[in-house]
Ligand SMILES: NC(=O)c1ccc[n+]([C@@H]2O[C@H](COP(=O)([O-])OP(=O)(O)OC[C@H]3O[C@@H](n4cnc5c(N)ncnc54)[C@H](O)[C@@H]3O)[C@@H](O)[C@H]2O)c1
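To begin, one chain is listed below as structure tokens, in the form predicted alone.
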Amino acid sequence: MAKPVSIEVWNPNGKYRVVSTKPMPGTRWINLLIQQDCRVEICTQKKTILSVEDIIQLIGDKCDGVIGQLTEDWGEELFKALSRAGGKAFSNMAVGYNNVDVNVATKYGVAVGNTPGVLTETTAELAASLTLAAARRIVEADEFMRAGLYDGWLPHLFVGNLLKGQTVGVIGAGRIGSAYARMMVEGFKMNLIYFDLYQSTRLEKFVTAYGEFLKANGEKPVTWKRASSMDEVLQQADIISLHPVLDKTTYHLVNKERLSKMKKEAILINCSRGPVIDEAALVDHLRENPMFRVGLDVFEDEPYMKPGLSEMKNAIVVPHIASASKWTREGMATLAALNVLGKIKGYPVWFDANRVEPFLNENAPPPAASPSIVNAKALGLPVSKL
């Protein structure tokens, strides 16, 4: 018999049983569940990634809902177990849900929640941070100093890239891509070229207005261009930041052929999903082009990196921390909990998953709604008119 997974229990006599597969930041999410008569069980097992068997054990014989993580494989086995236990709700503590088989969840009548609207600026800020670190070779210079190798200023020591007046390219100009673009354009007076299936009118208006402001103050205005293809962005931009969703059409979107089209001293940033880059091809490209640099927050086979990537001095790699600001992570935990609670209580689904401020206001009760249910339409769930 398998060894029981360790848990922490809050409000043991609660009417509804909600399980969290990981401890999550803050306590507001716990308190909100307790206030609505939920027994909250938090897995405290010392494992970074729980197995399907671990989670089935957590679900047990009676479970009303589960809050899970993007590292878990939510498919037939888990949704069948949750349905058998009487559960009707699962929420990822993430905006993405490519780890979830939504069709299977719908088959079992389980609502699938996610947490958009709370990590836009935080993720864009990390993409901007990686851009700066790569452009100015911050990590290399830090390692150099710590190794005691610095013995005086030299003209060629860690010469990097100036951002001002260069062109930033954005692949996927949704909420995060647009926020990143605004930071780079306004912060460093960069020109913008972007590719998206849909026109980003608000972003275009922002760059136009900022360009007019600069011109009125005697400076060279910034410009924008909506590219007709992704390849056009790769060929023209000095910095390229990837912000697409991950699906069959974007798997290995950046491959050997497309890497070869980029400038030799370009910088590539990825804070979206690892598999949009062919990581093995990227390692080869980094090895062959030492002035080409990347900043990566996500990886093709997380938590692993492709062989050779960790040895590349022209790569900055961080462990999937794009949403890791205190405010954002606590907000994600709150939204995930409220997704599950809303389904348990029979609340409608919030009318706009990206307008989450009312749920995050700690000075007022959250709306009686689930913030974001991705299969709401398939399940025929009502929508809030608040």
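All figures in this text were calculated on a predicted structure; none of them were measured in a lab. Residue numbers run from 1 along the displayed sequence.
We do not show the form predicted in complex with this ligand, though everything after this point is about it.
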Checklist entry - Tell me which of 212 to 220, 281 to 289, 78 to 86, 245 to 253 has residues with heavy atoms within 4.5 angstroms of this ligand in the model of the complex? => result 245 to 253
Checklist entry - Judged by heavy atoms and a 4.5 Å cut-off, are K15, C63 and L341 together in contact with this ligand in the model of the complex? => result no
Checklist outcome for this item: The listed residue (V112, V294, I171, M184) that reaches within 4.5 Å of this ligand in the model of the complex by any heavy atom is I171
Item to check | The unique member of R226, K263, R136, R175 whose heavy atoms fall within 4.5 Å of this ligand in the model of the complex | outcome: R175
Next on the checklist: Although the partner isn't part of this model, could you tell me whether T131 comes within 4.5 Å of this ligand in the model of the complex, counting any heavy atom of the residue?
Outcome noted: no
Checklist entry - Might V207 be said to contact this ligand in the model of the complex, defining contact as any heavy atom within 4.5 Å? => result no
Next on the checklist: With a cut-off of 4.5 Å between heavy atoms, is H320 one of the residues that contacts this ligand in the model of the complex?
Outcome noted: yes
Next on the checklist: At 4.5 Å between heavy atoms, is F195 in contact with this ligand in the model of the complex?
Outcome noted: yes
